[in-house]
Every structure is written in C-alpha cells, then in structure tokens.
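In structure tokens, one chain follows: the form predicted on its own.
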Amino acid sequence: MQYWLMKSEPDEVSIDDVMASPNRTTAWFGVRNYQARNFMRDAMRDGDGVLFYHSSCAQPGIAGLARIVGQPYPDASQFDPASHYFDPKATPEQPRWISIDVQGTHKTRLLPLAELRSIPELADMVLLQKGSRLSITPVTPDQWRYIEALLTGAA
C-alpha cells in the first residue's frame, strides 16, 4: 500500500463535494502535469491512502482522508473541446491524460499548511519542500500514520 497527497481547489472539488458524491467517490480529472499523471498511471493502486488537500484557497491544508478505488483510465475531459482541460493532441486511441477514482473516507478538521510546517516529524514531506508545486505527491508510511493520528485524535 502506498500513500499520496492530492491537491484540489475547493471551489472545483472539495472534500464536502466528495463526501456528498454517490458512494463518496469522484473522478480525479484535469491533471495536466506529466509527473503527477505518471504517479496516477504507474504507481497508484486500488486501496492506496490519500490525504485530501485543499489548495489555492484562503487556508490551504489537509481537509480529509480518502482512498484510491479502481484502476486509472483515460481522462474524458481531454477529448471535450468545451472543457478547460481539452487537449487537441489527445485522441481516444492515444490518450495523454489519466483519471482515477477517489473515495472519501473521513472529512477531518482542516490541518493547515502552516501547522504542517511546524511539525518536525513532517519536515521531509514533499509538500513542504521549497518549490514543491505538484498536485499529487507521495507520502511516506510514517508521515501518513502521523497525520492520520493527528486528524483522527489517535495522537
């Protein structure tokens, strides 16, 4: 099992939106960075843990816990000319971009970025590294356990 931090702008898809979706599951779409796409395509597996992170908002931070469900599949938005995520170079025969389904497991208190930065045990977290801007980053098992305990009150 692997662990991931996945960023979403809450005005596009928030943890509340995920928790209100059928089966608390939504497609993760619109990723247009090759490294993040490769994580989704090559490394994410059914059951992997996800830290659901609200970004590009007044108070960025981890807003919930989720898990990957199913396998990656072509992102339909790349084929839609009306979509903000349309890619004219993508074809159904040669898709360039990937979606994967994410299922919310817990909406938690917001764990703000500033608080994450103040925790010595998380100093090596990819999210906290200077210049880190990827929308999907790996999380170590120790980082996952520490954050999960903070958010579920087991710490």
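A residue's number is simply how far along the shown sequence it sits, counting from 1. None of these values were measured; they are calculated from a predicted model.
As for the form predicted together with the DNA, it is not shown, yet the points below apply to it.
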Exercise for the section: Would you please decide whether Tyr53 lies within 4.5 angstroms of the DNA in the predicted complex, comparing each non-hydrogen atom pair? Expected result: yes
Practice task
Verify the contact flag for Met19: yes if a non-hydrogen atom of it lies within 4.5 Å of a non-hydrogen atom of the DNA in the predicted complex, no if not.
Solution key: no
Practice task
Mark Leu134 yes when one of its heavy atoms lies within 4.5 Å of a heavy atom of the DNA in the predicted complex, and no otherwise.
Solution key: yes
Handout entry: Partner proximity in the predicted complex: Asn33 to the DNA, non-hydrogen atom cutoff 4.5 Å
Key = yes
Completion exercise
Note: exactly one of Ala90, Val69, Val126, Leu113 sits with a heavy atom within 4.5 Å of the DNA in the predicted complex, namely Leu113
Exercise for the section: Quick one: find which of 56-64, 103-111, 37-45, 118-126 has residues within 4.5 Å of the DNA in the predicted complex by heavy atom distance. Expected result: 56-64
